[in-house]
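A single chain, nothing else alongside it, follows as structure tokens in the form predicted alone.
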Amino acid sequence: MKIMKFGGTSVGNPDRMRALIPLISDSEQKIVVLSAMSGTTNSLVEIADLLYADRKDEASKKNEQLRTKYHQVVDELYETEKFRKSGHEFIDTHFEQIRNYTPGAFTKLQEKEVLAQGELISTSLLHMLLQEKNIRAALLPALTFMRIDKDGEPDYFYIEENLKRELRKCPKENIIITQGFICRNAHGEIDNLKRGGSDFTASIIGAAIQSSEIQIWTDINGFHNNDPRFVEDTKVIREISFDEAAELAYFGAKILHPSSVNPAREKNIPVRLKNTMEPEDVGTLITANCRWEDYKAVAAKDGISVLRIRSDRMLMAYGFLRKVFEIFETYKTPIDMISTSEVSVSLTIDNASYINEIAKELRELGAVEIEQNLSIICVVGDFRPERTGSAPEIFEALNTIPLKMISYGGSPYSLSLLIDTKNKVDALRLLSKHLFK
């Protein structure tokens, strides 16, 4: 069985949704994982924020605007009056549910319920479209099998057992549609896998059923060797390893959610990135095989902050770093890069939600300096410790860019550099010019 995940742009309007039909209608059995239509989740977040702020009229207006948009989608998507009528009734039911939430008394639990509506709507609209075309398909609610544990991590045993049970109920359908992103938490409440989680959903499902291949369909032909939004003449990487893909995804390549590589890698299931606008293109294939190249790709991650802790007590101090890491653990804030010297340690984070609280506790260990508006540039290639001579080109390319931190040796697949975000585009272009001639 194959997994096919389609992102928000792939279901972004009626024409795009209809274009999925020939892609999913062959004889091979598959699970089709859908995101919300593009722009929907952002609109739902705005509605939730207005409900939190007790701005009832504005929330109602925004809700009505989104409802109207979906009524237009229904009118354009279906050919028969029967399915248009069913579609309109379905849309009204979902947006009436949102309208009934009480502003000011809005809760985090209710916010998750609001955000789930995008995927619930897109999957039902596609299922009804297939029914109208007399194409047999099953709609399998993700809320019946997808669950996270108390730490917010996928409950793999629960997912596998319940997914297989649900699949046994629809053995004759070649097309099984389900939602990405949404799930239940350990208490059975509606929750989600955070933004970009539909890729993660597809990979989790693929691992649970030992899928033959996991396909991630977006609006680009796979991983590029640099960011095509800022750099001209980038090239598609046709084959890449799980480890290399994980580095690129984590450090800014938007085509793939960072968490989605792990489940596929653990079960050694190939992942293919494809473009719904150019379905004939083979895209990028991600497998366990690694073909070493000096430089394979560059990615950039924005929104980085660095905390520098300086303390004379650090010299020869047993347990100092443990105390530092425990503070970050307390606030559940992951660290991206770390650099140490005799009397100082520098750490980067991409989640600044608790940066002031973290800094306050770190000041008990020494002087703390915070710097923000930074980016991490990640170069993926052959950085095995036994090799020599691969890194100089990077530093020659960036000799006009101030480097604030360098991370080298932690991974044989990448080298990372910290720079000011204002220099990011120049850095990407310089690296492209020097590394991919």
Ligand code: ADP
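From 1 onward, residues are counted along the sequence shown. Because the structure is a prediction, the values reported are computed rather than measured.
Although not depicted, the form predicted in complex with the ligand is the subject of the following passage.
Checked against the ligand in the model of the complex, the candidates I240, I269, I255, L140 yield a single residue with a heavy atom inside 4.5 Å, and that residue is I255. Between the ligand and the residues E361, D219, D155, E132, the one pair within 4.5 Å by heavy atoms in the model of the complex involves D219. At least one heavy atom of N226 is located within 4.5 Å of the ligand in the model of the complex. Although the partner is absent here, T9 sits close enough that one of its heavy atoms falls within 4.5 Å of the ligand in the model of the complex. Annotated contact segment (heavy atom within 4.5 Å of the ligand in the model of the complex): 211 to 219, selected among 106 to 114, 87 to 95, 259 to 267, 211 to 219.
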